[in-house]
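Here you get one chain, nothing else, as C-alpha cells; it is the form predicted on its own.
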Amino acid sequence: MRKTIVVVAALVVLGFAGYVLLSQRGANTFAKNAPSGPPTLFQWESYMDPPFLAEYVAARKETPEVAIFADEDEAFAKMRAGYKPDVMGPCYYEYPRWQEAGLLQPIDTSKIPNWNKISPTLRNLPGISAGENKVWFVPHYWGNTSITYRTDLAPEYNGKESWDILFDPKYKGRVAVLEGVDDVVPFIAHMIGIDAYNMAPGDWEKVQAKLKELIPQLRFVSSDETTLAQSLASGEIVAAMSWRVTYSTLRAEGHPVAYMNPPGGIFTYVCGLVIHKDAKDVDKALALIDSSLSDEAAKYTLTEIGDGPANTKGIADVEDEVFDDLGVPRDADAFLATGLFQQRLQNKDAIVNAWTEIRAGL
C-alpha cells in the first residue's frame, strides 16, 4: 500500500514538474515571439518631427515613441544610468564616446534603402566603418558653426568677414558665443592657428588664454538658438557664434544679417543616427533610421530647419532660392570639402571643466 502511494505520488510530482517545464517553455516562446512595441527615438527636438517618422508610420502602422535630449552630455549620462532607447541622434564628434562605453551596435547599411542617397563625403567619414556594409554611425544632416552678424550694425565687416569681430573693442558687451566646448574651443583655437583636435599641453594653455581674453567681450554665452536669434534681431548683440540655422531664421524674418565664411573655412558639424546595443527590435530600428533619411525628411531638413540633409538626392528638385537663402550651394560634396569637420576633442572632461571655470568670470 505504501509503495503504491509512493509511486502515485511520484507520478503526480513528475507530472507537475513536466507541467511547470512546459509552462516555462511556453512562456519563453511567447516572450520571444511577443510584439516588441514601437521603437524609441532619442533625439534633438526638431529631428523627431512628423516628416522624419512618416515612412516608418506608413509601413509599420505604428508611431515611434520619442524622447528629447537638450545636449549630448545629458543623453550620455542618462543612458549610462540605464536608459535604453532604440535609435539615438548624436553628432560625429560625440558618438565615439558612446561606442567606447559599450552603448552601440554596428548598423547593417544593406538594410537601409536610403543609405546610397547619402553624400559620398558623409558615407565615408573617417572612423564610422564597422566592417563590410556596416557602420557605427549613419550621417543624417550637417550644418555649420560660424558667426552671424548684423550687416547694418557692423558694416565695416561687410566684404571683410573675420571672426575677429568677437574681440573687436568697439563691440565689447555686444557679442555672444555658443556654450558647448565642441563648438567654442575648436573655433577659438582655429583663430590662433591651433588644431584643437591635436593639441599639445602648450597649445591648450594658449587656447585657455584666448578664452579668458574673450570673456570680457561677451554679452552672454548660450546654445539656445532662439535666444541668439532674438538678441541679434533686437540689436542687443551685433554678432554671435552660431549655427547656420540661426542665420537662416533671421534671414527668413527679413533681418539684415550675413553668415561669415572667412578665409580658412568654417566648421561643419555632422549629426547622425546610431542603434543602442540593447535595442528591442533591430529591424524596427533600421526602418526608423531609413525613415529619417527619406526624401520627405531631407526636404524638411533643408527648407524648414535650415540644415543640410545627408540625403542629397532627395533635394534635387528644391528651388534654387532655398539654397541661396541659406548660402549653401547645391553641390554639397564640394561645399563640405572646403570646411573643417568637427571631431572628437581629446581630454574632453578636462576641457569642459576648464571652460566652466573660465566662463564663471563672465
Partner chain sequence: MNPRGVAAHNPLLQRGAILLNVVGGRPGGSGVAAIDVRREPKPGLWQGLFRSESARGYALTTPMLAVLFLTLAAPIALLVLYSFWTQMGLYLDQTPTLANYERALGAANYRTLFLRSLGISSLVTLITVGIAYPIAYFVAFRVRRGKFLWLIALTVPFWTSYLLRVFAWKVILGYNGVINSGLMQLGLISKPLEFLLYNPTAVIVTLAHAYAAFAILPIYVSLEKIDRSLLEAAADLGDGPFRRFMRITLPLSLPGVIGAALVIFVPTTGDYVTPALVGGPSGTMIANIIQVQFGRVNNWPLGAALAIASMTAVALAAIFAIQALRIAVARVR
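Remember, predicted model here, so these are calculated numbers, not experimental data. Positions refer to the first chain, counted from 1.
This next part talks about the form predicted in complex with the partner chain, which is not shown.
Close approach of residue 180 to the partner chain in the predicted bound form, 4.5 Å, heavy atom:
Yes, residue 180 lies within 4.5 Å of the partner chain in the predicted bound form.
At 4.5 Å between heavy atoms, is residue 162 in contact with the partner chain in the predicted bound form?
Flag for residue 162 set to no.
Would you classify residue 195 as touching the partner chain in the predicted bound form, given a 4.5 Å non-hydrogen atom cut-off?
Contact with the partner chain, no.
Is residue 277 a contact residue for the partner chain in the predicted bound form, using a 4.5 Å heavy atom cut-off?
Residue 277 lies outside the contact set for the partner chain.
Within 4.5 Å of the partner chain in the predicted bound form, do 76, 349 and 352 each have at least one heavy atom?
Contact check passed for all of 76, 349 and 352.
Can you work out which of 227, 129, 151, 110 has a heavy atom no more than 4.5 Å from the partner chain in the predicted bound form?
Looking at 227, 129, 151, 110 one by one, just 227 meets the 4.5 Å heavy-atom criterion.
Heavy atom within 4.5 Å of the partner chain in the predicted bound form: which of 203, 213, 283, 236 fits that? Just give me the one.
Comparing distances to the partner chain in the predicted bound form, the residue within 4.5 Å is 236.
Please name which of the stretches 215-223, 132-140, 154-162, 111-119 has residues with heavy atoms lying within 4.5 Å of the partner chain in the predicted bound form.
Of the options, only 215-223 has residues within 4.5 Å of the partner.
So which residues in 156-179, when you check the partner chain in the predicted bound form, have a heavy atom no farther than 4.5 Å from it?
Those in contact are 173, 174, 179.
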